[in-house]
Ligand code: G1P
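There is one chain below, alone, in structure tokens, taken in the form predicted alone.
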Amino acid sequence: MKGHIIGTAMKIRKAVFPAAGFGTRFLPATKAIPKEMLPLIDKPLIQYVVEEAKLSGLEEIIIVTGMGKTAIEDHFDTSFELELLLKEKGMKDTLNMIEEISSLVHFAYTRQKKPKGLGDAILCTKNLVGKEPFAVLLGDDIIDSRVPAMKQMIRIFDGYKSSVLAVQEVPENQTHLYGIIKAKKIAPRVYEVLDLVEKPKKNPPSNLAIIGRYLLIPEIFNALETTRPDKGGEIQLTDAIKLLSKKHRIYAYEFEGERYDAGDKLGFLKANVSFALKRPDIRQGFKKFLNELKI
């Protein structure tokens, strides 16, 4: 019989950020710059997601890095020279912003030595996460919402005491790009997951796609350790969750908010335009520029 987690710390305190990928869809820009550090207006993509985690009440961020990703660590670290320069120039507002970045939450880092998939990246955090439920946030997915998407999910977790996946309806001709769930609706925006299929080539079980936000119970690590690599040699998180679902109920939540796939060039551009139009300091000038374009 499937159950919920028992005898485990129930408060979600930790969040895992897989950031070891090569960002091949943005080459050559990502040859020397991690894709997570690509700017959305004036902040790197990963900072938006870290801020979402903080606003959701998470206390510790575990970032999984790889070769050439030191810029991420540098960004969230203290920069004494820059702060001193800003102080000398009297740039108080900018100084406060820079100091705030390094004090957002507590950061920990671990390395994924080989790019063996999202599941393997999460498995690398096993010792840092410990025996407690945790969040996973993917920096490719930027979600603009009144209530942070992860905070919405934590509310669902608090009610059902088991793993929760963020989902969103996608056009049927795009289901092959996502993990897709077969599900039974049990409450407004809430589903019990009956099955999961990673990037179905045909006959998807629904058009509900898994988006880059997860709340997982610690038993996922056992599932990851027994999940077979796919044909490309990668351990897929979707496959591990499917294995986990044999013993534990999995839920899905259709979050409220606008999601941008910033790992895609078009999605990245859409996010920049949308966020720029919401920024009081540049909105009018940018809107005027867009109106002047002869498209």
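The numbering used is simple: start at 1 and walk along the sequence shown. Quantities reported herein were computed from a predicted structural model and do not represent experimental measurements.
Not pictured, yet referred to below: the form predicted in complex with the ligand.
J.: I'd like to check something about R259: if you look in the predicted bound form, is any of its heavy atoms closer than or equal to 4.5 Å to a heavy atom of the ligand?
T.: Answer yes; at least one heavy atom of R259 falls within 4.5 Å of the ligand in the predicted bound form.
J.: In the predicted bound form, is there a heavy atom of the ligand that lies within 4.5 Å of any heavy atom of E219, even though the partner is absent here?
T.: Residue-level check for E219: no, no contact with the ligand.
J.: Might E198 be said to contact the ligand in the predicted bound form, defining contact as any heavy atom within 4.5 Å?
T.: Within the cut-off, so yes.
J.: In the predicted bound form, does F157 have a heavy atom within 4.5 Å of the ligand?
T.: It does not: once the ligand is placed as it appears in the predicted bound form, F157 has no heavy atom within 4.5 Å of it.
J.: Does the ligand, in the predicted bound form, lie within 4.5 angstroms of each residue among V190, A252 and F255, using heavy atoms as the measure?
T.: No, none of the three is in contact.
J.: Check each of A149, I181, V136, L118 and return the one that places a heavy atom within 4.5 angstroms of the ligand in the predicted bound form.
T.: Among A149, I181, V136, L118, a heavy atom within 4.5 Å of the ligand in the predicted bound form occurs only for L118.
J.: Exactly one of S56, Q236, T65, T30 has a non-hydrogen atom within 4.5 Å of the ligand in the predicted bound form; which residue is it?
T.: Answer to the contact question: Q236.
J.: Among 84 to 92, 204 to 212, 124 to 132, 68 to 76, mark the stretch whose residues have heavy atoms within 4.5 Å of the ligand in the predicted bound form.
T.: Going through the listed ranges, the match is 204 to 212.
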